[in-house]
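What follows is one chain in structure tokens, specifically the form predicted alone.
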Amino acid sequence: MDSRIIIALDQLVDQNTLITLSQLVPKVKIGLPIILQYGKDEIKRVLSRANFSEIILDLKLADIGSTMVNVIKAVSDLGDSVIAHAFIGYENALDELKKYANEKNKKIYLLAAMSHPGWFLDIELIYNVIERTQPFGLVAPATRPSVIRKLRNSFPNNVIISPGIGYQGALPGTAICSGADYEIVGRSIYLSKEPIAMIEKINEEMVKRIEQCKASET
């Protein structure tokens, strides 16, 4: 079974480690903190020899359309796709972002709900935004399996990626068992003294839990 982990980097690891990680997992999510801390050139240098199939830019996009477009213009050469918040709405916001992203062959993920305890918005309030935007993917928290199940039922064709594994309490495989396609893991990997061994451990735990879920369904 191919890995269904996305590495979230809010802190850089050395290039050799990143190259090895890219052989173990398919995708990486680059956080705004390391872009601001290290700059575009350093990020590009570190990523240049890695072999990730997708580089997702988590730019915390939540503004009017023209502002979000200007943000993407500044850093779009770093990645293949971007994450934007769904709660900002469609008109003069996500509509303009989607138009620009389409022109530049960039994919959009809409963040439908967050993984921390303070998140309070009702997921059903943003269904209309998702339907109108028609994003490539959705971000939904592994810490809220019911939200993932609702989104999977309503948007069966969207890729769902889920943060919240590890430091925020969700166990590997939890989100996939609820309908997600990938699980996002950050601090558990990049803060580990042995990130390679950690990713292998998480992969093993994820596979085991997914197999248990499948067995319980039969």
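Computed from a predicted model, the values in this text were never measured in an experiment. In case it trips you up, residue 1 is the first one in the sequence shown, and so on.
Another form, the form predicted in complex with another copy of the chain, is not on view; read the next lines as being about it.
The closest heavy atom approach of residue 51 to another copy of the chain in the predicted complex falls outside 4.5 Å. Among heavy atoms of residue 90, some come within 4.5 Å of another copy of the chain in the predicted complex. Another copy of the chain in the predicted complex is approached by residue 63, whose closest heavy atom lies within 4.5 angstroms of it.
At least one heavy atom of residue 129 is located within 4.5 Å of another copy of the chain in the predicted complex. Of the candidate stretches 43-51, 66-74, 170-178, 149-157, only 66-74 has residues with heavy atoms within 4.5 Å of another copy of the chain in the predicted complex. Contacts to another copy of the chain in the predicted complex (heavy atom within 4.5 Å) from stretch 93-119: 93, 114, 116, 117, 118, 119.
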